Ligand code: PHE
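Only one chain is shown below, in structure tokens, and it's the form predicted on its own.
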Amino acid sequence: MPEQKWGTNTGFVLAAVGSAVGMGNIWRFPYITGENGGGAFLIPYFTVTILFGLIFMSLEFAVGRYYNKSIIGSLASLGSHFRWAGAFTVIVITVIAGYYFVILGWVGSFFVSTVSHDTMTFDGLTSSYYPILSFGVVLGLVAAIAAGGVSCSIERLNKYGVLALIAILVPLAIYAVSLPDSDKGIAYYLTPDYTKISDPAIWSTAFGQVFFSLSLGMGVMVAYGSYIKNKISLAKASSVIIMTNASVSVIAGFMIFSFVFSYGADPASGTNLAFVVLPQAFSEMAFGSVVGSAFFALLFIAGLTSAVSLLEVPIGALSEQFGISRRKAVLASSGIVLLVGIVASLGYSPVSLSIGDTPTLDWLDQYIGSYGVVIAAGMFAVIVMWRMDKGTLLEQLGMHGKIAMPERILYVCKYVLPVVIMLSLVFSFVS
């Protein structure tokens, strides 16, 4: 098999930005903020991003670059019995890819509907089998991109995708904040309710949002780190990625809350925000079809770059563990994702497939997407920090950087990070 490597350092950074910046920033971050008191959520969000997001991302890149392997191979290098932990992560991410592609199919459906001036509601969409078809289209598109390889296809997608995302997001945000009553949305967004800062549930939610948005604990950044071939400072690259990710989230918040308050919608509408509330608002505003088309194009591009990175985790693991070609690994991974996606999409279809009273997609998101990722991140942090040589880690973290990485960073990773991850899991489960 030809070795997969990034063509340039810029390509690597943009690919990681593309993985981090996704629907989690533009769709999930605003409604999570709305459900947790608006501005009150920003304090724990930025605290967790700066204190833990930067460290964990650098750590994943360092492990991937040093071992030059997937999440399974990297953890197995620290002990053959840790192979199961890497396999657990790959399984979790493959399941997440299944229902994430379904949601991305919804986005694509709304984009087509808006461009064609066809009035489509979320209930109308999910009362048909169209979501299964749109999921299949998205899976085929992602698989085709992944089959093209890292430097030729994935790197190119993210170079243009990230630029297109910013080119659409900034004008949309400027337009949104110019609407009547947008100042009320901005005030709600930025004014913190300090009584909620001490609530552990908000901190747990912030921790989950940061890890979800940055693709941490998923093996994605380990895989991307293993494709690095040139000299690059991991700390500097991680800082650029995290700042870009946070900036997109903040700008998306201004845009979404301006739209919501301008049209008298509920800022705590949850998952309905993107698929019920905003389409209705677009239908009522001047040039609504243009604005709606731009919004769903933005959401689709962001989701597509993240979707490709999710599929890359099982692709890299299968190629490495079974010695098969990349194309065969793409087919095998896509086949598994296809099965998961069909089960997830049937939860929002005439079948209304559910587990208990919960649609299958929501159940997978709650128990696999939320808890599974946190457990995987916790295992990664414990295994790497307690088994990998301290000097090697410091060398990787500080390599090609102008400032040496302080040794106390490792103590934060070794003792504080695993505890915080586990507490986040406990508080999330209790709440």
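It should be emphasised that the depicted structure is a prediction, and the values quoted were computed from it without experimental measurement. Numbering starts at 1 and runs along the sequence shown.
What follows is about the form predicted together with the ligand, which we do not show.
Listed residues 212, 275, 82, 254 were compared with the ligand in the model of the complex; 212 is the one with a heavy atom within 4.5 Å. Comment: the ligand is not present in this chain, but in the model of the complex one of 89, 306, 258, 74 has a heavy atom within 4.5 Å of it, namely 306. Across the options 259 to 267, 127 to 135, 212 to 220, 333 to 341, residues that bring heavy atoms within 4.5 Å of the ligand in the model of the complex belong to 212 to 220. The closest heavy atom approach of residue 107 to the ligand in the model of the complex falls outside 4.5 Å.
Residue contact with the ligand in the model of the complex: residue 15 places no heavy atom within 4.5 Å of it.
At the 4.5 Å threshold, heavy atoms of residue 23 reach the ligand in the model of the complex.
Taking non-hydrogen atoms only, residue 295 never approaches the ligand to within 4.5 angstroms in the model of the complex. Across the proposed site, 49, 207 and 420 without exception lack any heavy atom within 4.5 Å of the ligand in the model of the complex. If you take 334 to 369 and check each residue for a heavy atom within 4.5 Å of the ligand in the model of the complex, you get nothing at all.
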